[in-house]
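Presented below, as structure tokens, is a lone chain in the form predicted alone.
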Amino acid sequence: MLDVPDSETSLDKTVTREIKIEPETVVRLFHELYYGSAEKTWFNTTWLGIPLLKCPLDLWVYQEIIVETRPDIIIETGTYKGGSALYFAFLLDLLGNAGQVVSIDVAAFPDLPNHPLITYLDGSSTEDDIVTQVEALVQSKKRVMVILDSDHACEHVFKEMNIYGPMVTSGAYMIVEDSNVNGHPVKPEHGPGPMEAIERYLKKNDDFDVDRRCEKFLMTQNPKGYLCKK
């Protein structure tokens, strides 16, 4: 409940009335404020000084998923400045895991962070040469996790899902990022994006479940984007 001034006021008295605001409305308004304040919030988030464009609430969920599922390899599309790849590599290190992070970008920034568990691939996540390299890397891995965070156009994301979805192992996750754009609830001008790709993919494939438990912190930049392989 929120107390707000009533329109009837006097010099010595303000009449207040209660307005009920639904929790979903509060979450949406905060989400819009957080996303719209990008230069102060998610665009200004770093891991050990390296920028990564993610919400800390989602990063915490990633940590929980990685601890629970213990991936041998994490495939990330969309490197940017390497902050998230470094974050994942440190988590694997902390777990004493001899795992690997493979980060793919068509236009990654120079001077990416070095870590013995990170391999960078330079190229489009959907081009044949890159896919062939990734297939070779995951071939001997028992637990494969995928995070899609490159071009957010629906067609591109849908193509990525069809390429990388089969690589994910049972009980592991494919996370489709930024499904909040195109009005879900932010950036309505974006046009069909990750959310539409997710819905399209799930209509044709029943090998993943949407894990809404991963949205427990109420605000996520990946609504319906946490997909667990059956």
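All values derive from a computational prediction rather than experimental measurement. Numbering starts at 1 and follows the sequence shown.
The next section is about a form of this same protein that is not shown, the form predicted in complex with a small molecule.
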item: The single option of I104, I73, L86, V157 touching the small molecule in the predicted complex, heavy atom within 4.5 Å; value: I104
item: Candidate stretches 45 to 53, 28 to 36, 186 to 194, 200 to 208, one within 4.5 Å of the small molecule in the predicted complex by heavy atom; value: 45 to 53
item: 4.5 angstroms heavy atom contact with the small molecule in the predicted complex for G123; value: yes
item: Contact of Q100 with the small molecule in the predicted complex (heavy atom, 4.5 Å); value: no
item: 4.5 Å heavy atom contact, R143 to the small molecule in the predicted complex; value: no
